[in-house]
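Quick setup: the structure tokens below cover two forms of a single protein chain, split into structure 1 and structure 2.
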Structure 1
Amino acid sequence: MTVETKLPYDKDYIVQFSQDRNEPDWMKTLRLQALEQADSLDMPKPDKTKIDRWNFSRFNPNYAEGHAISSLNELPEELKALLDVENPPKNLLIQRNHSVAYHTLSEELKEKGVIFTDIFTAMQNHSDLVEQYYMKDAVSVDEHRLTALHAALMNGGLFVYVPKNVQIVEPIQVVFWQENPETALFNHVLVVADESSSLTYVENYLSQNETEETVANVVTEVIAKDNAKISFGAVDHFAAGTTTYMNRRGVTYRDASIDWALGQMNDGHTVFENLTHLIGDNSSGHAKMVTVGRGKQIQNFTTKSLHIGQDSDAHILQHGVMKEGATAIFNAIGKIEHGATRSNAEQESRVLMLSEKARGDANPILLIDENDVTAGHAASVGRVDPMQMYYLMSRGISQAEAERLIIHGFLAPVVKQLPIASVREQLTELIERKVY
């Protein structure tokens, strides 16, 4: 694999990149417009976290091919742990760097018209369908510099489309493995569930660059059309060298629902956004998230529900444990627009700090522009109770093991509620690794 080190990226670079990937014209145009906008737009300003000095500018956006594999046994142990290798998922895609290394889709789903393919292939085979949703209703190109840069430099990702009335029972599973530490990942995931369809989707991000610095700028758009049900699970584990902007956003139309189960296990600085636009009447968006911070990493999490439809319902539940010198800010926002009568916005954010140097903050925010609604919030930030440690240790349990029990106990109320078994298991395993 060859990686050019020439930077920065200009118009010619973008045109060339787009041509190399045989992209449709609309994508090339979108990239070029985004490049222009990126110059003039400001960086995002996550509440209570300064990201000016984070590395969002030193990276190499080139497309890096990863070796394809013929069997899951060729994967390193770290990846095998995410998959049931003996009994592999029927619908699986492994993206290695920016190319597809492994891909299966059951005959049954193919016959039903389900599309599950990398974003470049999707643009060639289903250009109109991708264009219809790509950075339209969920995330806009011009929100800030990072969304614009994402659109300009997008170099990997996935498209999932479930046709009307198709129910996918077995989860669709995806692994984004950023093996090459020298290139950035500008990944775009677009999941569209058409009317009255349903699916469970699980994705993992993984890298191993402890020291090499790079950037992940990921935008995920999840569209649930009328009466569609999407269960979306993710466990992210970018290594300490990666600075991450992760934006997962959903749109729910009438009677639709999106359930998010998110494990944020990155080791580097992270800006994380999860927003559900509840556009349709009687639609719902539930977000459950856990995170463990360690080392000197700083993370900012904004989880938001935006209520536009009547009778829309949202629950945000996030628990974070901060170890060592880690910092995390949790912003939970419930915004109910005028006209979204009988909507309900609930939220709970809890942060546990394990050391004197760890820092955490939880900001509950309710913005309500309608009278006939219900809303509730709970937030807490605290340190480990020394009496709990004393009690556990008085039974012979070592300090490290006592901390482990308290962390698992603190995260358990969220982990246990995650609706997807594989996400629960992966998270439990990763929490274990991060806690020791």
Structure 2
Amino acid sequence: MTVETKLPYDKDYIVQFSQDRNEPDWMKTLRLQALEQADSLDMPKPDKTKIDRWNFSRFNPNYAEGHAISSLNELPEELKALLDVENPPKNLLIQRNHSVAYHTLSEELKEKGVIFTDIFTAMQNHSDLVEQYYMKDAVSVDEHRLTALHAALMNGGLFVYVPKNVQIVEPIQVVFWQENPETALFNHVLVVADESSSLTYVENYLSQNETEETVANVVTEVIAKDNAKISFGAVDHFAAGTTTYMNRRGVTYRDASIDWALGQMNDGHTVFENLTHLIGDNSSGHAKMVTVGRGKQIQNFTTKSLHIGQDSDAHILQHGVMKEGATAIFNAIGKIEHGATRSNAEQESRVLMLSEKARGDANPILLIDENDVTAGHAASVGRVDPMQMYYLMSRGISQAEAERLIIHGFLAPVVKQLPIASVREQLTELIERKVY
């Protein structure tokens, strides 16, 4: 039986929600059009994963405010571990449920015109700029039911804009804290680096609802204009009660680059998509992703590079560890369009299974419509190498510790790419917690 996904809210709810937040008319119109489309659009169809029984429209229409904090010391220990409390980040935003609890931006970046604020404030103060990019080039409202639902019900998120020729040295860090388990999170993140600018952006998602069921529908759009450089790191850790749709998209223009380092540590069912549109000539997009699955968790991961510009370059690296009865599908897709001459698409997907019931599937896909290109792929699904175990144990290392070392070595190519030490440490700790 298919889960009924008829929306439990109407046009009046959308209009009132938009008015309460002083949204511009274009945003209200976008929401209402998306609401009309949501019922008629199909659900996405991730390869080899039946999500029709997953309730992505579970939604509590009550907007959950998050109490503001004056000091990072007021945070629970799990969140403090993400931050250097003794030496707080200069550029930090914490979203608690659906509202801002803590926000800092250095005076230097303010003077340079950098915008770093929640999505609602951005729409009020920078409406034209947000409208220029919001669900335009990276993600479309009408792709499927989940993107339409997201557009209609968006209830949190962030806007970052870096002006032309501005180089941000200190990372921008964001924590999205789903404290109230009864409220769904329809979060939208929009990061724009204008021409010849650069930034490092790192975000964390965190919830603690082990039994209460809810949904996270997250869309992230990352835009790198000509000659812009973006390093994007993330660790997602939604609890078992959250069913997650995570869609991260990038667009690179001429000579631009986006480097992704993504840790997918959710405990609930997850559909994940990471797509980079390589529009400009000589642009690049490198995506590195790790995950650990456990219990009866079902996950579907699709990482894709779409080559449109000439001399574009992309490398996809996906490593996953599955234990107990967890299941994961890894799709790596390199699509080179006609005219994208001299482009390069490389991909590698590897899955390590720690139990007899665990399942992993790595699917390398190359779709090439141009002759003068290079491309390659590698994929493997297997168990811990007994020769590696024997080598380590022959030197006095216990079986458990030998397996631990192998797993950390297997996931290290992505973990070490995260640009903030505290976030790397958090991902390492999550790996330890989920594997042992």
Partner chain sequence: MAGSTLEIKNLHVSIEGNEILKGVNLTIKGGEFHAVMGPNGTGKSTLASAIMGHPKFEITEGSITLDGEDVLEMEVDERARAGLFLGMQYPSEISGVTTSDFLRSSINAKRGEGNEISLMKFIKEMDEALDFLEIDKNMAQRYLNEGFSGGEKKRNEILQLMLLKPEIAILDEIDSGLDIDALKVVSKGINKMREDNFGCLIITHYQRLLNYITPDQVHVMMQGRVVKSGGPELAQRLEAEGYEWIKEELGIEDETVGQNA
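Quick note, the numbers are simply positions in structure 1, starting from 1. Since we're looking at a predicted model, the values are computed, not measured. For the two forms, the rigid core is made up of the largest set of C-alpha atoms that agree within 1.5 Å on superposition.
- The form predicted alone corresponds to structure 2; structure 1 is the other form.
- Here Ser422 counts as shifted, since its C-alpha moves by at least 2 Å between structure 1 and structure 2 after the core is aligned.
- When the rigid core is held fixed, the Cα atom of Ala402 travels 2 angstroms or more between structure 1 and structure 2.
- Relative to the superposed core, Pro413 undergoes a C-alpha shift of no less than 2 Å between structure 1 and structure 2.
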